[in-house]
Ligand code: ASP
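The chain below stands alone and is given as structure tokens, in the form predicted on its own.
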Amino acid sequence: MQKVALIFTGGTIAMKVNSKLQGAVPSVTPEEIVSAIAEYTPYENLETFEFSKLPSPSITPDKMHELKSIIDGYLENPAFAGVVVVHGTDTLEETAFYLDIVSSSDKPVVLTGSMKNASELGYDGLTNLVSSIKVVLEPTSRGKGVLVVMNYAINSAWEVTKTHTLNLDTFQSVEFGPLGIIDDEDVIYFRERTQRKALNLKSAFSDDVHLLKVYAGMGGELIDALVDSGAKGIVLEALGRGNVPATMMDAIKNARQAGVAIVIVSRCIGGRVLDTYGYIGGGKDLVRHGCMLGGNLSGPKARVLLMVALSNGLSRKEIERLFA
């Protein structure tokens, strides 16, 4: 049987409650976690690598880039079927999406974590880790891109988002549903992912890309400040179908004239943006002034894609095609 690499970055799965600090902190080693799952599984083909002990708010794009290099080393080794990355859930979807868009292997890479720490009743970390190992070892998992496995569900990194601060089934593909499930010993796929074309992007990134959520009555001060600070790109989580208050338009025009790439997505949890409305600040007006539409991507994912696209030196038309 081929090996499975388990790369530990930290997160709730490796935490317990510290009585002095009165909160959950990193406390559990990868060896302890693997030893715990050995009681429930016959796996002897696991190789662990402790990448970090970081809570996921501390995972930066630099760390994602480093992680990609470690993962590639395992994927290039024919002894390994694939990789499981154990990660905190707060930024898990961003790391998963980054790894997906710069992926160059058809071997499965699965991200997983835990919503409960090891001190809590109903700790879900071990179940999620075992499920992830099963997915990596399943031959039909090849070629499906980077996957997120939590609470017995298999989701595509391109589609999934964290929908709840507490629930164990927080990771969902809101519009499309999961790719499949883990049912006892069986890994069952229902469908293919919606985005299947390999993007062939290098794993570099531009750090000068920012994300703003649009709200009622918003002006252009934040956009002006980002342009003054040297921003190369801005993602706007716009209203509804992809619209902004008219009071933002002067700043948006100035940003475009300064060469700043602007991508429009929606702050709604489902649906895609489209240039439906022609009024000042409507989607048609934004496109007319050089903004790009980001499809149905969330703000955080659109930011990651724009960061990578700009660092790859893509033209405007090439970036538009990526988001389309």
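Residue indices: 1-based, along the sequence shown. Predicted model only: the values in this text are computed from it and were never measured.
Absent from the display: the form predicted in complex with the ligand. The rest refers to it.
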Quick check for you: of 179 to 187, 130 to 138, 81 to 89, 241 to 249, which stretch puts a non-hydrogen atom within 4.5 Å of the ligand in the predicted bound form? 81 to 89
Which residue, 259, 270, 57, 42, has a heavy atom that falls within 4.5 Å of the ligand in the predicted bound form? 57
All three of 203, 308 and 311 touching the ligand in the predicted bound form at 4.5 Å, heavy atom to heavy atom? no
Classify residue 304 as contacting or not contacting the ligand in the predicted bound form by the rule of any non-hydrogen atom within 4.5 angstroms, answering yes or no. no
Is there a non-hydrogen atom of residue 114 within 4.5 angstroms of a non-hydrogen atom of the ligand in the predicted bound form? yes
Within 4.5 Å of the ligand in the predicted bound form, which residues of 33 to 49 have a heavy atom? Give them in sequence order, or say none. none
